[in-house]
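Below you'll find only one chain, the form predicted on its own, shown as structure tokens.
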Amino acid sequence: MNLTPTDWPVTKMANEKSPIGVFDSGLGGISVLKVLAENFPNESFVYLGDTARLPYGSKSGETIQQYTEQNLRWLAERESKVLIIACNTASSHFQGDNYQGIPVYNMIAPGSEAALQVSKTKVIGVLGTRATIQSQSYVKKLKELEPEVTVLSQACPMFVPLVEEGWNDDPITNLIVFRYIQSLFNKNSDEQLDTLILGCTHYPFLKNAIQKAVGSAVQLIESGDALSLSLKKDLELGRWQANPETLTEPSTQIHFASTDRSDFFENLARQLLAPLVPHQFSLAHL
């Protein structure tokens, strides 16, 4: 059964000065958070990393839905005015675009729309976790938007542990990336793939290695950029309200929380967030 917006009670009411809530299975969603903070400098953010239960990509759909429910409820209780599912795996198992009146954004639709806009050959690749690829969420969305598109998918289960370990630039990482990319291109013998969706928010941290493996002719689509465009459009349409006040100290706008507090994760989070500096770290009890 898919989650619906009525599954979670909201204990506090959000307003225009409330933060934008973002969650991911771990630290990968920081790639989305950084782009959002750059594009919406007057907004405050609360980020939840479910580091105690990562990775999501190897879990069952039922378990992923349960985790998503708990994470969204936690963010709603912090008066978030917008909820961002900065996890492609969780996005693949969530139905609906709001939660008790709070707008909910996932990664699938923005990434798919962005890929179709830049692809000339309409042959699009998708890299993701096993759960995301098995759900075929990107295939369904891309086909819905453009029936003639060709979609080539490749599960990359080792990418998330590499990022969570902090091995973004490492010879071993380059070898693993090349192995997965080679498998993807082996599926593409007849038509020219020209666009590749990084279907996990951890993957932008491996962008350099991925770009080297696919070559400069292939356009990489990152979730954060595509999501920011959707948020800007909906802000103009009045789906959510911007903070009317100007933040004079952008480094104080981020509250970072995780379900497993450790020096390793906190230090890695600071490295991935840089040059942004979180105002507060805390332990989340879901």
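Computed from a prediction, not measured in an experiment: that's the story for all the values here. Heads up: residue numbers just count along the shown sequence, starting at 1.
Below, we refer to the form predicted together with a small molecule, which is not included among the displayed structures.
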item: Proximity of residue 56 to the small molecule in the predicted complex, heavy atoms at 4.5 Å; value: yes
item: Distance check, residue 129 to the small molecule in the predicted complex, heavy atom within 4.5 Å; value: yes
item: is_contact(residue 200, the small molecule) in the predicted complex, heavy atom dist at most 4.5 Å; value: yes
item: Touches the small molecule in the predicted complex: residue 177 (any heavy atom, 4.5 Å); value: no
item: The small molecule in the predicted complex: contacting segment from 143-151, 201-209, 98-106, 118-126, heavy atom within 4.5 Å; value: 201-209
item: Residue among 196, 160, 76, 133 with a heavy atom within 4.5 Å of the small molecule in the predicted complex; value: 160
